[in-house]
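Only one chain is given next, in structure tokens, and it is the form predicted on its own.
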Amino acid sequence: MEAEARARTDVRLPDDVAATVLSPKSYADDSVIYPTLKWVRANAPLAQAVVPGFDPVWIVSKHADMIAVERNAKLFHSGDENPILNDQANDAFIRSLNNGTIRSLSSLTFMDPPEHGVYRNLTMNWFMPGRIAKLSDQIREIARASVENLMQMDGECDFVKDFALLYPLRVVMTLIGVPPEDEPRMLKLTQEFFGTHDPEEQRAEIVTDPLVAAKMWKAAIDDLYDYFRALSEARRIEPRDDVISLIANARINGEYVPDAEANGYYVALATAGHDTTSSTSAGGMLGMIRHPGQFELLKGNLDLAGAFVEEAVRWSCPVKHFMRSATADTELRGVKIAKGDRLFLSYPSANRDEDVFDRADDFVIDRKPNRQIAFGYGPHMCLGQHLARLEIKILFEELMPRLKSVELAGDPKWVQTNFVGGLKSLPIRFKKA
């Protein structure tokens, strides 16, 4: 009843628009979600979505408002409520398994100051640009092998399944410390972790359960915890030069990092660390296919590879939302936000805000400036952003000289998710250079 009481009738999205913005199915069709978000920006840039079964949530659709919320982590908390949108029934199920708390994963996403800063600092230096740059040769070797495998195919493939998924998986698992033979297991668990609303990713035994999202999430986390717990223990006995060893042997106030927080770190790095990168790589390729001049532009000038990455992550935007909750009464865009109100940060909308991006729906590699915020902003900005940028840049530096042309060989398909995801199938036909 408390959630319903917070619903505002004076600033409220039409019911059909609200349902479209929140529905995972909408994000599987860019001809649905992007026109809807464009309407929201033009007509109700900050308004409540009131959808049966969900808490009322404020849809933050504008670039400037996203920055205002993201930069103020004390006023807008990430972990007081679920930082990922679930319906009330699935959130209640999660609480029932966690002694009444919504914190189903002790990762940075679920943390607020000062706890967030303490745990982010554990690995911040490892992910700084200078440290990441030293990995270039190792990453390029993996990229060249991946491109060579693609060249062995008979001019036709699924760019996602046969290429884009596998390369960042190998890079991230190598750096984290997961052995190559376990990579297929990590890929499957990641697809389940982020595909809780996609029937093709759901486990057969719970696909028809009304609590399928929460149960999928919990099952994937449990399996990932079991895997990383053993690996973490092994790294304390025999450390290596990898991220698991760093976290497993780190200490806070003289004590090892608690199991829940260590496992939360491992899970976040092992899942988001490659899923978002593969989604951006595939989205960038689709962007060039739909805007043919951009393919030739990049192919003719590989110095634009860095700019390509920025446009690919803006245009494909693999992170669809994060949630925040207000810790005090405040005001945003002239609208009163009450203490406890929940805010849905729409990254695809902010990244196509016409006030910031000219030709916002077009894929423009040499866009200047490109103020994309697909990696977030402020204290919660993506820890692995520099690694992701380097991975994609190197991949396309190696790929483009080997391609003469690329075209669609079938219809693209996206994951049904309003959280994290992108293309799950991109059939292409290509000619070698």
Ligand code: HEM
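Residue indices: 1-based, along the sequence shown. Source: prediction; values computed, not measured.
Keep in mind that the form predicted together with the ligand is not shown, yet the notes after this line are about it.
Figure note: of the listed segments 25-33, 396-404, 48-56, 382-390, the one touching the ligand in the predicted complex, with heavy atoms no more than 4.5 Å away, is 382-390. Interface residue remark: Asn72 is not counted as part of the site for the ligand in the predicted complex, having no heavy atom within 4.5 Å. Under a 4.5 angstroms non-hydrogen atom cutoff, the ligand in the predicted complex has Thr276 among its neighbouring residues. Residue contact with the ligand in the predicted complex: Phe308 places no heavy atom within 4.5 Å of it.
Looking at Ile94, you'd find every heavy atom of it more than 4.5 angstroms from the ligand in the predicted complex.
Think of it this way: in the predicted complex, the ligand has a heavy atom of just one of Asn301, Thr174, Thr109, Asn149 within 4.5 Å, and the residue is Thr109.
Between the options Phe357, Phe295, Phe322, Trp217, the residue in contact with the ligand in the predicted complex by a heavy atom within 4.5 angstroms is Phe322. Proximity to the ligand in the predicted complex holds for none of Pro14, Ala18 and Leu343, with the criterion being a heavy atom within 4.5 Å. Residues from 346-381 that approach the ligand in the predicted complex with a non-hydrogen atom closer than or equal to 4.5 Å are Tyr347, Ala374, Phe375, Gly376, Tyr377, Pro379, His380, Met381, in the order they occur in the chain.
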